[in-house]
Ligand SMILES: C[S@@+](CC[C@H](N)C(=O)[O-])C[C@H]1O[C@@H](n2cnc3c(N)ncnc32)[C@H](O)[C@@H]1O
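Shown here is one chain on its own, the form predicted alone, set out as structure tokens.
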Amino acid sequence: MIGMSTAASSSLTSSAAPELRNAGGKSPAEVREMFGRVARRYDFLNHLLSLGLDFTWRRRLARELEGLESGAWLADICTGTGDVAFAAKKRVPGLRVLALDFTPEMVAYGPRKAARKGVGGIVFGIGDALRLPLSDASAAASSVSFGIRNVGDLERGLRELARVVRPGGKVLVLEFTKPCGRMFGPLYMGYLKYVLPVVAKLIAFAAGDAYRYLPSSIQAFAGPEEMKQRMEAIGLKDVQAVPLTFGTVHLYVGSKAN
């Protein structure tokens, strides 16, 4: 079993840490509450509002896991309902995945999806991206998909992703990006700002707030060059920023030094 750190696990319930704010201006408690409210319709809205492209983005991340030996562990952080975990298992069937999220309502859907899909080898659990309940170098790779933007301390979140990976292992980050271009950039941000929240609210009333938060958090979040620099600053090597879908999403790939 992937190494679990007792110290890190106990710190998940610690109330001594100061309140943080992420790029979108929300505290961890606000993020947890927001995703808890949208959990029931989360998958449907993501697939609909991305026009199904979210499947393509996650498959691209999963390609980076090819070559891992059977039985190796992937630590998937901010897993939501586990879509990256399932994409990883489909690409590398022998992989084992520890899928963690700090929103219980989201994680609860993971085992149900696994049973429905007939997929084994995924362990779902509660875990804070800033205090992962894992031992150092206990995973072959770590990943986070559309979640690092939501953490209250980007550097600390990246350090945790790197800490739990063994030397030579990969750290994979999939995240939305504000696209460049005089025409496409404003059009895309207008779609996010004015269309997505309305559609989301019509389908699931409680989701309107989450999809209003989305464009503001993307605008405030680090761009690809800054993300590369931040990943290099914590010691990751050969960092790449791979643009997807006209730069609206980037896949960041870094390797932990041996």
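A residue's number is simply how far along the shown sequence it sits, counting from 1. In this text the structure is predicted, and so the values were computed from the model without any measurement.
Keep in mind that the form predicted in complex with the ligand is missing from the display, and what follows is about it.
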Quiz item: Since the chain is shown here on its own, which stretch among 161-169, 127-135, 89-97, 178-186 would lie within 4.5 Å of the ligand in the predicted bound form, judged by heavy atoms?
Solution: 127-135
Quiz item: Could you tell me if G110 has a non-hydrogen atom within 4.5 Å of the ligand in the predicted bound form?
Solution: no
Quiz item: Taking heavy atoms only, is N150 within 4.5 angstroms of the ligand in the predicted bound form?
Solution: yes
Practice problem: Find out whether any non-hydrogen atom of F221 is located within 4.5 angstroms of the ligand in the predicted bound form, and reply yes or no. | Solution: no
Quiz item: Looking at the partner-bound form in the predicted bound form, is F102 within 4.5 Å of the ligand by any heavy atom?
Solution: yes
Practice problem: Just give me the single entry in I122, M106, A140, V173 that has a non-hydrogen atom within 4.5 angstroms of the ligand in the predicted bound form. | Solution: M106
Quiz item: In sequence order, which positions of 37-75 have a non-hydrogen atom within 4.5 Å of the ligand in the predicted bound form?
Solution: Y42, N46, R58
